[in-house]
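Take a look at the structure tokens below, where one protein chain is shown in two forms, each on its own, as structure 1 and structure 2.
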Structure 1
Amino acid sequence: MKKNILIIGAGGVAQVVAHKCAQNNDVLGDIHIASRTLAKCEAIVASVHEKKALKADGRIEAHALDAMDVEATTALIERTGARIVINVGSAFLNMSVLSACLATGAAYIDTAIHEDPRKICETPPWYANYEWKRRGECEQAGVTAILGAGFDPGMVNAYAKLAHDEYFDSIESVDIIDINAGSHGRYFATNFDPEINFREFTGQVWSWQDGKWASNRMFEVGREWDLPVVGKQKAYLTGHDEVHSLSQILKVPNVRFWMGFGDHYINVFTVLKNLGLLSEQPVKTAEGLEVVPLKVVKAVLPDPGSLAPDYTGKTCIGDLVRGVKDGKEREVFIYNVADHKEAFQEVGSQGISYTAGVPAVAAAMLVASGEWDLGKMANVEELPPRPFLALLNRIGLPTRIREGEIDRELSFS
């Protein structure tokens, strides 16, 4: 059994992870939080104490760390005795943090695919560009590495696996739909790191259609979805991590990701992009200063964590799965609804951070218990979905299923 957690990152998702680890520290042990900005880590520690979140007596400590420095990360893992590392820092860190886990034998969990800061929208499948190249290293070292254990990717991968195993004999399509029907009250902001957020949308939109990769422009393909709780919402075909693993692992002929955007977001995004302000390539100012436009935009936008106190409304995220069961066509929508205000009251973060962070803690608990401690690399859809979803039902993200007129909560007992 593995114990003691090192959380990499100190944003809104890290805050959720810290609180949920504290609520389950009888299973997970000591908690350590590390990022380049020590004050942010200390603020998270203070918030855990303020809400009296620790279930049992135990340590929760903050550390300064540049996680791009593999030697420093390795040393911190060894010094803290962490056996599970939850990486919720920038997606640029994945390979460095994984290297430190390989050096120490600690289990690795992340919530997003690795990105090279110098490249946008690489050739699919994206996991094959970095993470999957290191499968052999993980297996040889006996290191567990759980990839994409957030909500999307993460819970939606488990939903697809559950549908594949229990609801269908064959699946024709998986449409992952992500709707944030909440409001933060700001003129313009992103719900997580603006740099990562915008990078998702400035390149090609890759989807898996008819057994091959298809490319579109962002906001080129949209449609209205009628969903539980949030009602009718416009969403657009968008490139996303889970498309790149589900298409290859479950062998479904059509895997698409749809994200909801309002007209105001699209207008502001379009202006920024057309002005070149979303470029990741450096430019020189008239004064001879070299700056990256995207980083400048990130610097002037609100910190996503600052949105939480005023956020209202709900999210609805799930998988619309179509296929055949017992010779008959079938369609199910497996989903979760989360509330921004409830998330803030519980852990001090908004609902987007909550949905991303809670599944990573569930994955850590399954690694700690041994159920998901594989000694190799795996995406979530390669793992048994029932223990994961059952645990999530208990710790804050219950799963529901809608089929025809019937809409009910799923039990995994």
Structure 2
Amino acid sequence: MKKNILIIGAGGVAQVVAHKCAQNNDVLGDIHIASRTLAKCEAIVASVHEKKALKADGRIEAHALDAMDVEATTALIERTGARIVINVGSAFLNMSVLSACLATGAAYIDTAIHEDPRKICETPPWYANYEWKRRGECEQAGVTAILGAGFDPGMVNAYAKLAHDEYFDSIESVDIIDINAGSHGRYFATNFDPEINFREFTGQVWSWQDGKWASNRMFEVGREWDLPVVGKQKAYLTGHDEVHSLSQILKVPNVRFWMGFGDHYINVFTVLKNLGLLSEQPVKTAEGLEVVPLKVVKAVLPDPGSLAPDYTGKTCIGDLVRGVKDGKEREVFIYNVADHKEAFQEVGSQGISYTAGVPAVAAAMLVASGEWDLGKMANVEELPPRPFLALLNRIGLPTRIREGEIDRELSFS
């Protein structure tokens, strides 16, 4: 039974993770939050106290940490006695935080693949570029490392595994659809760090089709989907971590990821990209100042955290799975709908951060209880989905299924 959590990062998702850990600290124990900027960690601690989120008596503490520094992270894990590390910091940190977990035996949980800051849109196989190279190390050390335990990747991987185990004899395709039908009321804003947000879309789009990688340009392939609650929404083929793991682990011949974008978002993105303002390569002004254009764009855009109080509307994210069951063609859509305003009222972050953060806490609770504490590296679809989805039904992200005319909540008890 592992206890005591170290949260790496202090952004919107870390805020959600801290609140959810606090709401479940009878299971999870002490909570520590660490990032480069101590004040941001302290603000999260203050907001947890303000909401009286701690279920049981217990500690929640802020720490300054450069998590690129493996020794410093190792020392902090040892000093705090944390046995589970939830890494929701920058995507550049994964490998160093994992190293600190290996050094201490603490379990590792993240919500997105590792990225090299010098590379934009790395080509697949994504997990095999960094994470999976260290499978052997984890197994030898008996260290549990759960990769991609947010919503997408994360819950959508559990949905695919559930469909694979219970709804199909064979799966032809998994289309993961991510729609944010919410509104922040600003001219333009990204829902998380603009630097990371834009990096996802400036290169090629990779999808897994007919058992091999296919490449498109961003916004080249769009399709209108008719979804529960949010209705008809246009989404575009986009590269995403789980396309790689699901295609390899569940051996599905078609795995595609579709991200919803409004025409306005696409227009702003296209203008900025074509002008060169999304470039991470420095330019020199007429006055001789060296500047990275993307960092200036980030500076003029609203801080994603500032959007939460005014955010209204819903997200709908799920897996449309097609295949064969008992000799007949079948199609199911397994999904969750989350509400921005409710998320803000509960944990002080908007719905996008909420859907990313809550599953990581569910994963931590299953590691704490031993159910997911495998002592090796695993993607979510390698783990039993029922306890995960049952817990998420209870702690804020209920799963529904739509098949033909029937649309109902899924129960896992």
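Structure 1 provides the reference sequence; residues are numbered from 1 along it. Rigid core: the largest C-alpha set superposing within 1.5 Å between the two forms. Source: prediction; values computed, not measured.
Of the two forms shown, the one predicted together with a further copy of the same chain is structure 2, not structure 1.
Fitting the two forms on the rigid core leaves the C-alpha of Q281 displaced by at least 2 angstroms between the two structures.
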